[in-house]
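To begin, one chain is listed below as structure tokens, in the form predicted alone.
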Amino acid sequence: MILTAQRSNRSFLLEWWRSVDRVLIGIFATLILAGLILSLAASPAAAAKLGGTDPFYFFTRHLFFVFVGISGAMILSMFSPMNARRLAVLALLGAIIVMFALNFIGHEVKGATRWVKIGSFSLQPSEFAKPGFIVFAAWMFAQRKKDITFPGIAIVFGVYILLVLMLLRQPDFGQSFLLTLCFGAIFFFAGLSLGWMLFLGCVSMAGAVVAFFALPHVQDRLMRFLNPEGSDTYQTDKALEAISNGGIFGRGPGEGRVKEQLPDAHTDFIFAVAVEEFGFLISLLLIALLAALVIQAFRKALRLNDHFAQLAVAGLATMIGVQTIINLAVNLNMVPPKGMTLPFISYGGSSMLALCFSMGLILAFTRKRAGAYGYGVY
């Protein structure tokens, strides 16, 4: 009996390995490895700023989240599309419940209540709300395509507005902005009418205006970006200094100096650390890897037969791509600071776990199954 079970397990793993997209796994693993290397480079400086005795404090924690995230992604990739969808919707519901409870159990950092304290770790539920909402929206739009009378659009809009209101209450304008862009992308992919797109655009513009006048920190960041003279632009100035210091080949691993003065060098500004220590060429390779991940996911989505899986994969890939663009734009001082990590690279437990969760969903939805792909592909 034990021998039969072992053979069955080997057979299951072999079937999974044959059906999963190994290109996506390879890019994913390479990005994770790059993130570990950069975390190792930035951790001592970040720990020193906090007066810690362990120079690799942040690297150790980053390694823990990577292990948990990869394990979860690989397990999730073995799920059927239906079960993966159910788990994503449950993640969305759980995130909404926790976000609602933040007023009572939330942990405040720098004036924002976005986290729940669990022992020595902090969990940010909004990170999990994004992939959960994307999968939920894809499901609703797919159901509406099957039945035109199904109120999928109204349901999705209701959940979207609820999420944005909860994010602005924290406040977290950056995440609400990213969620809106991803929602608009799914709308576009679903082929919905121009009227709905215009409606979403008007809602977004109205929300941006309200956020500007109602949230002082949003107004402050935008005004500092538009009028940097006489404003506190220390972080972006230091990031640009690090990037200019790196040159083509960089100063060498561990030789960067700006990270010692940059408060968020291991999180939002990890790209600046990468350029200073490893140079412009290696940094371009990092960007190319992130672009390749998004492009490969879109390639798989275009060939899927299931409308829901198409929308879900395209939406999740858009989320990773847009988050990458925003982070790079902040590092290059092209947009106001958003407090957003570089996917799979930056330190940040909630972000790493949520991105690995998203990757697991993509792998689950894109696995080869009978009838899953068109053009004669199985």
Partner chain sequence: MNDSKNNARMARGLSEFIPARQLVVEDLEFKAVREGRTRIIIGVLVFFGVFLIILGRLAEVAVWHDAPPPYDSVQADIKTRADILDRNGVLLATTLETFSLHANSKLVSDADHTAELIVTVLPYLNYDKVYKRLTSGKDFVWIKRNLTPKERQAVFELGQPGLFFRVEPRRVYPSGRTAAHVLGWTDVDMNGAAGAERAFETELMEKPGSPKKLSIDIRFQNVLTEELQWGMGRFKASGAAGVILDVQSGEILSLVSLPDFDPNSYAAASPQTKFNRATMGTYELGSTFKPLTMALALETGADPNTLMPVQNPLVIRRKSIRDDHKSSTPLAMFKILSDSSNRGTAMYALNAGDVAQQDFLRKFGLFDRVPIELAESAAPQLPREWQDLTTATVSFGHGIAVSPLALATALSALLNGGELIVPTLQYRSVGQVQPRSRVIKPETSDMMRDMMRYVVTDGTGRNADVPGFGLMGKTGTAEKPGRGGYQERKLVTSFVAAFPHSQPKYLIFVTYDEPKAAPGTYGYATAGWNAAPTAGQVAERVITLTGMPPERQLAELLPTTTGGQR
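Numbering follows the first chain given and starts at 1. All of these numbers come straight from a predicted model, not from anything done at the bench.
The form predicted together with the partner chain exists for this protein as well; it is not shown, and the discussion that follows is about that form.
Among the residues A206, A154, I295, M82, the one placing a heavy atom within 4.5 Å of the partner chain in the model of the complex is I295.
Exactly one listed residue, out of G254, G94, G247, G72, brings a non-hydrogen atom to within 4.5 Å of the partner chain in the model of the complex: G247.
The chain is drawn here without the partner chain; in the model of the complex, the stretch among 156 to 164, 132 to 140, 86 to 94, 277 to 285 whose residues come within 4.5 Å of it by any heavy atom is 277 to 285. Under a 4.5 angstroms non-hydrogen atom cutoff, the partner chain in the model of the complex lacks P263 among its neighbouring residues.
Although the partner is absent from this view, G201 stays clear of the partner chain in the model of the complex, with no non-hydrogen atom inside 4.5 angstroms. Using a 4.5 angstroms threshold between heavy atoms, V68 stays clear of the partner chain in the model of the complex. Although the partner is absent here, F271 is a contact residue: one of its heavy atoms lies within 4.5 angstroms of the partner chain in the model of the complex. Taking the partner chain as positioned in the model of the complex, the residues of 140 to 164 that bring a heavy atom within 4.5 Å of it are, in sequence order, K145, K146.
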